[in-house]
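Next up is one chain by itself, shown in structure tokens, the form predicted on its own.
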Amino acid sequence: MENRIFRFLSIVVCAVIFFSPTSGCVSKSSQKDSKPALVIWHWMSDREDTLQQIAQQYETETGVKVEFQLFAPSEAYGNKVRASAQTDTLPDIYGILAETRDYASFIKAGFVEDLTPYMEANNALWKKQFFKKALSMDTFVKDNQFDVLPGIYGVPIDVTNIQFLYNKDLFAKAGLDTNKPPRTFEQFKAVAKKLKENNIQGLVSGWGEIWMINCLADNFAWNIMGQDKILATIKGEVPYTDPDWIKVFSLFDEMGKSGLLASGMITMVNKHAEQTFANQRAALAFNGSWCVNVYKGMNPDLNYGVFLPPKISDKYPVVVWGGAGSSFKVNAKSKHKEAAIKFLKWITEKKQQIFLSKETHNLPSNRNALSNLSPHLKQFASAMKNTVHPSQLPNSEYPRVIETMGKGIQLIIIGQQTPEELAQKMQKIKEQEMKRSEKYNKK
């Protein structure tokens, strides 16, 4: 899950803010100790204490010091990583918060180690312990469009997926069955009507962040037309004016007109949406498995359940976005590369994965570490077999097209654009991008 869209500040500004004597890749302790100190950059402020405990445990067991260095929020972290790549000052281990295209550029620049030989060693013992969907988000397949050599380039330390949630107490207040969340879109609309009749706000989500809108649109598309037709659209063989795509966009039109969506949703960031649901001001939410930890902090007594997106069609299965949540990469230029890989092997072992899951309330990436999960995490874990993600496809859509879809759906929800108009606009931009790409490839 952990591929969100970030607005990056300029490299120059980032360098001024972050490059200081204490933020470099080589720590003072590494100069004193006989064993190297591994430096790891991360953005996960909610897990800082737990990661420090992990570091202490590793040093106790191995004698190797590990320094987790936090740079938050995630946007600032992304800036730092990009700027550090420019100056070749990346740490031993780090994460990349960017689209697949940017991820590929880091690999081709020599900043990410290919971990395939290590994953495949000893009868692929390391590789086999992960959820397949988790590793696939760090895997580049043969003949990928980014011209990256096939291989596994990252190590997931947890996994995530995005589903719907419902407040059982508010469902009861509205006279709804607290053990039967909606399974189909028609049931979904019926729930919305019942909530509205009882003056209970319906669905809340951070749809001011268009990646979350695109997430649900993808869910609907996979259920309505399946992977092959989605791929054909990306390749330019099926237009966005196809009836199936218009049906996808029309679902958001229906949701907007039904009164299901919370007021101000299209300008709402997800943190605000999480607070709204945690404070029981909305009966439904669309959010990721990370929310279990978030809601626990906001309202430990929140009584809620988890369910898959409502089914539109019986032709294809219901799917959700999911895969690796937080993933670490090894700096291919690090002097301590082998030590870094050993640490990542250790942190993804069953014992450490159980500890991380218990302390951070995130799903473990090690599929053998699912014991003792909380009821909510178990509900999220059960959907890992239903996960997909655009980054796992052999081809990806142009960023302009993706952005146009998200912003266009926002306009559909507030009645300022029709599904047909969005489809036509997306197709026009798609054709423009394809022509631009053809001209570039001819040069």
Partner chain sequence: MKPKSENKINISKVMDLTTSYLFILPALVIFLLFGLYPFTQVFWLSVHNWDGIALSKVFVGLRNFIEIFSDGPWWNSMCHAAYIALLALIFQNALALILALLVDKDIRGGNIFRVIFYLPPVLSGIVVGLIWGWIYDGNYGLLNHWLGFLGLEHLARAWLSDPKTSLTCIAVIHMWKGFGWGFVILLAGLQGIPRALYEAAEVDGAGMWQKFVNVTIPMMIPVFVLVMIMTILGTMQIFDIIAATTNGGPGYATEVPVTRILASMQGASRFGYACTQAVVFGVILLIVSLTQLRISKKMKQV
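Everything numeric here is computed off the predicted structure, so don't read it as measured data. Positions refer to the first chain, counted from 1.
This protein has a second form, the form predicted in complex with the partner chain, left out of what is shown; the following refers to that one.
Exercise. Which listed residue (223, 201, 348, 139) meets the criterion of a heavy atom within 4.5 Å of the partner chain in the predicted bound form?
Worked result: It is 201 that has a heavy atom within 4.5 Å of the partner.
Exercise. Between the options 82, 367, 229, 133, which residue brings a heavy atom to within 4.5 Å of the partner chain in the predicted bound form?
Worked result: Among 82, 367, 229, 133, a heavy atom within 4.5 Å of the partner chain in the predicted bound form occurs only for 82.
Exercise. Does residue 399 reach the partner chain in the predicted bound form if we count a contact as any heavy atom within 4.5 Å?
Worked result: Yes.
For this session: Using a 4.5 Å heavy atom cut-off, state whether residue 209 contacts the partner chain in the predicted bound form.
Result: Looking in the predicted bound form, residue contacts with the partner chain include residue 209, since a heavy atom lies within 4.5 Å.
Problem set entry | residue 150: touches the partner chain in the predicted bound form, heavy atom cutoff 4.5 angstroms | Close contact is absent here: in the predicted bound form, residue 150 is far from the partner chain, nothing within 4.5 Å, heavy atoms only.
Exercise. Any of the heavy atoms of residue 410 lying within 4.5 Å of the partner chain in the predicted bound form?
Worked result: It does: once the partner chain is placed as it appears in the predicted bound form, residue 410 has a heavy atom within 4.5 Å of it.
Problem set entry | Location of the partner chain contact in the predicted bound form, chosen stretch of 372 to 380, 410 to 418, 57 to 65, 387 to 395 [non-hydrogen atom, 4.5 Å] | Correct option: 410 to 418.
Exercise. With the partner left out here, if you bring back the partner chain in the predicted bound form, are 174, 237 and 313 all within 4.5 Å of it by some heavy atom?
Worked result: Judged in the predicted bound form, none of 174, 237 and 313 sits within 4.5 Å of the partner chain.
Exercise. Going through 108 to 125 from first to last, which residues have a non-hydrogen atom within 4.5 Å of the partner chain in the predicted bound form?
Worked result: If the 4.5 Å heavy-atom criterion is applied to the partner chain in the predicted bound form, 108 to 125 yields 109, 111.
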